[in-house]
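Single chain ahead, by itself, as structure tokens, in the form predicted on its own.
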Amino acid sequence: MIVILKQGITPQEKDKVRSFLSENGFIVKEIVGQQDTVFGAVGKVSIDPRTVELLPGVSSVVPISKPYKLASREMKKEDTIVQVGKVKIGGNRVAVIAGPCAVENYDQVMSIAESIREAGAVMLRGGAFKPRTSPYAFQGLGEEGLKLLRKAGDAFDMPITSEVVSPRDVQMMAGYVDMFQIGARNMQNFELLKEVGKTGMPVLLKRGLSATIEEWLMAAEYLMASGTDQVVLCERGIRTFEKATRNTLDCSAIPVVQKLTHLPVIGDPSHATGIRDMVAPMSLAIVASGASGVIVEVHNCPEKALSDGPQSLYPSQFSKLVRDIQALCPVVGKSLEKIPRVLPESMKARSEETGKAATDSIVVAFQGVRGAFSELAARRSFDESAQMLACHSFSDAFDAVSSGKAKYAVLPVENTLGGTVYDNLDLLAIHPELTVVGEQQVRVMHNLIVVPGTRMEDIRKVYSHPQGLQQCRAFLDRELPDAERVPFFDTAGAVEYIAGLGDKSVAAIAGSPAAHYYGMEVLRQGIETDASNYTRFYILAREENAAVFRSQAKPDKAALSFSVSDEPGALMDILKMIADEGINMTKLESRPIPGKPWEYLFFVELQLPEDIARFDELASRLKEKAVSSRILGVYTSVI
């Protein structure tokens, strides 16, 4: 059952409710949600719900209808974020886990770990105990393999996961791994599930070869009932009549499971297909299905691999796959999970003491009201614990970071349909204390948002930002031709406004986060005329707060501004300098300089070359040649 507690419940009342449930034989889990705090009470016993409802501090009691209780979406509405070391799996992120099918020797695992870390993997997988169909096949190195895997994880600052196959190995393995892996053949090895669950450690639970979704979730329930709430589900293909691939990847299971459970779901395209050339496209299919990550096999010499060589990617193939996943993430409303390449000394003590990400308790400014696309971009760029600061204007957001009220600001710089956001370029020019530390992209998906219970025929007015109304004109012309279109200062602000009215004759056009935040209903999804509508955001910070982002990945982009003398060929000379260094220029804008009529500041974005010395040389020459120049930021293009 779910025991919903009153918002004003005292600690003493809460303890009495917990004690009452425990004394009656229930396992009690406290879940703090965005609006309510609840107790999840599960067990073999039954009790009259009215007995619990009469306890002081209890608001109501809701029975859980599913056979899996702790894992059900009924128990917990919000998505669970599973933390494995510094890596978080779930929510709006996509985590890439990679490594060899089996640990073979020191050189092999160290070489693979280095290549996948450089490419963007955040966790290292590798088999030390290998349950094989044939008793004559390579069975793994056992504990020695775990030692090698641990060394590689520590050397390249990645948490590790490995499969456990026997209950007697659980305690031994707990000293090496950061996450247990339960293989498909052991999904219903209930004694193993109980032993692993007792550790309280994160667990990657693969779906059985012929398991139904309910059986899969019941296996997760065993783990959770035994003591861990950090469970990641993994779809790895099921056995069907088809023989063209090793298994049949059930991508449809991913969105189905996400409706049934709060646990994150990832996919394993390597075991699902068994064919190297199919791993990349199936990885993208898994991400497109809404999964929170992929786990793939990588080998530096697959043709000599002792296990599953034909399905293992070469390091170069894996590197391309990560880039493709990163490009896909904005389309599905997610961002690629990353961890610092080198943990700064100032962050080490905090990370070791608390085990929490370095972005804890920071404040991030954005322009607009709660639920705006800018807030969505900010939340994709930071840890869930970051506090969001809504600012009335772009200038207020800049000032918040400049004054120290916020550590970071996430502000739009360009839209694929509307073009450059010039206000923010101009503000960046007059705030030399701020620097660009990262970039985020958001696909702008518009929805028709209404008061719950509203029907299309009820709507008489539609509120939104003028661009929102314009971008959804075809839908409005077709579905609501007689409705008045009312311009509003902000898309999310329009949702806040109609929520206050409570009138079924009005609607708003905005993103789905605004509907969720203000308790409104999405009546129609994806109503924009052009689906290729993206906004690019800069992440800004004072220089002293830039290190966290610059450590997450190798910078691949730079933003510069400069002015030139009023003489023929002055701009061309600068552009030729860029070309001579072999550096690709991706954006060039000019902006009038305030107080200097007919003089202009040029804004440039560049792709950084592999040899960063070439960019340093360009910056030095630019300083000598231009009237003024400034490096606005060196950063990773998509955080």
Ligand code: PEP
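Numbering starts at 1 and runs along the sequence shown. Since we're looking at a predicted model, the values are computed, not measured.
In what follows, reference is made to the form predicted in complex with this ligand, a form of this protein that is not presented.
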Original post:
in the predicted bound form, which of the stretches 456 to 464, 175 to 183, 321 to 329, 363 to 371 has residues with heavy atoms within 4.5 Å of this ligand?
Top reply: 175 to 183
Subject >> All of 125, 130 and 206 with a heavy atom within 4.5 Å of this ligand in the predicted bound form >> reply: yes
Original post:
Looking in the predicted bound form, any heavy atom of residue 101 within 4.5 Å of this ligand?
Top reply: yes
Original post:
Would residue 163 count as a contact of this ligand in the predicted bound form, using a 4.5 angstroms cut-off between non-hydrogen atoms?
Top reply: yes
Original post:
Just to confirm, residue 93 within 4.5 Å of this ligand in the predicted bound form by heavy atoms?
Top reply: no
Original post:
Looking in the predicted bound form, any heavy atom of residue 271 within 4.5 Å of this ligand?
Top reply: yes
Subject >> Interface residue in the predicted bound form among 380, 117, 338, 236, criterion: non-hydrogen atom within 4.5 angstroms of this ligand >> reply: 236
